[in-house]
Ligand code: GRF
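Here's a solo chain for you in structure tokens, the form predicted on its own.
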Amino acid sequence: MPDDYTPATIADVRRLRDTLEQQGKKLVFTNGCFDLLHAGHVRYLEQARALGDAMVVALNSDQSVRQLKGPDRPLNTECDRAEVMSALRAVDAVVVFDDERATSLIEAIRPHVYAKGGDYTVESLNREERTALEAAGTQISILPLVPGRSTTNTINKMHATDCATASNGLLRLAVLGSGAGSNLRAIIAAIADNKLKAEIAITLSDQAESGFREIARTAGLPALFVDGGDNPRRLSEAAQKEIFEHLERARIDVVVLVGFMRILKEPVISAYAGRIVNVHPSLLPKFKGANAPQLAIDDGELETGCTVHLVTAEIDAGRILAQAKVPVNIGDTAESLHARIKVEEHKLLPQVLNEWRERGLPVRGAGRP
């Protein structure tokens, strides 16, 4: 930090909180990256400050921002962000923290009021932070957003000219997976062999330790993790929101699901309508959902295969883009059959992605306000 500015410590903030409580007053707490300060932030902080008698802002450190938002962020260092934030009239103290979440700060400070922007609901708050807030007896206040003012919108405007004039023709991909990651490896290989004109902007997994993430890290790709919640098939509201924010920040053309085992819902489904593609191990519409290879065997099928299709709110029901057939052999197990299906998936998925524009499928900005 610069010599003339030093952020508050946790002990400083706790003393402030205790002093206010003795006076019958309230401490307001909020947290965030505040990477590119804009009018939306300033108005939000003014509203938050009005909920109590003093406000502390917990600011994600540079390390924390990189963990949350990828290697291209932050745009401004924690030193600059903290100094600018502390100069605002609504802010009484700034504390910088290294964790991805503010849970430990909430537990230590026990603020009277917690403020968050209207892109959240109480249900979509990070579950660890929400548990800590409830344990502290903290009042949670969700404040309305300022329309059109967000860091992501600002950054996207800055990139708009580059996007409009870009001539490399590369499809910008986000690849989501939960398992071994063989389809991710196939996409990486197709790009390296110049068989797929695309770039992988981010990879994202709901499994902190997986073959998928290891393949991404080995390839030097951003390997992001999102805690999906307790249900192994469904994403929590907080996870749905976090995934959407990652996609928006990375300016994604197409979202590619490769063995991603949780169901995408809003806001991703609507925002990326026609731009989410999945590979499924059956000849849809047969054998939707999980365990498709075993279902093909159990049903006595002579052949099955794989399908690349668009993702909609209904599971495995979107427009079919391409299929490849695989015979079901006598004595096949689900594992042996699935292994042969994957061979075809590794060919079919990169092919469909490479033909994305030629097929008239939408990319970033198409059909969106």
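Note that this is a predicted model, so its numbers are computed, not measured. All residue numbers are counted from 1 along the displayed sequence.
The following text describes the form predicted in complex with the named molecule, which does not appear among the structures shown.
*Asks:* Please check if residue 258 has a heavy atom lying within 4.5 Å of any heavy atom of the named molecule in the predicted bound form.
*Replies:* Result yes; residue 258 sits at the interface with the named molecule in the predicted bound form.
*Asks:* Is residue 81 part of the interface with the named molecule in the predicted bound form - any heavy atom within 4.5 Å?
*Replies:* No - in the predicted bound form, heavy atoms of residue 81 and the named molecule never come within 4.5 Å of each other.
*Asks:* If you check in the predicted bound form, is residue 205 within 4.5 Å of the named molecule, heavy atoms only?
*Replies:* Close contact is absent here: in the predicted bound form, residue 205 is far from the named molecule, nothing within 4.5 Å, heavy atoms only.
*Asks:* In the predicted bound form, does residue 275 come within 4.5 Å of the named molecule, counting heavy atoms only?
*Replies:* Close contact is absent here: in the predicted bound form, residue 275 is far from the named molecule, nothing within 4.5 Å, heavy atoms only.
*Asks:* Would 179, 183 and 281 all count as contacting the named molecule in the predicted bound form, using a 4.5 Å heavy atom cut-off?
*Replies:* Affirmative, all three are within 4.5 Å.
*Asks:* Go through 37-45, 335-343, 23-31, 65-73 and give me the stretch that gets within 4.5 Å of the named molecule in the predicted bound form, heavy atoms only.
*Replies:* Within 4.5 Å of the partner lies stretch 335-343.
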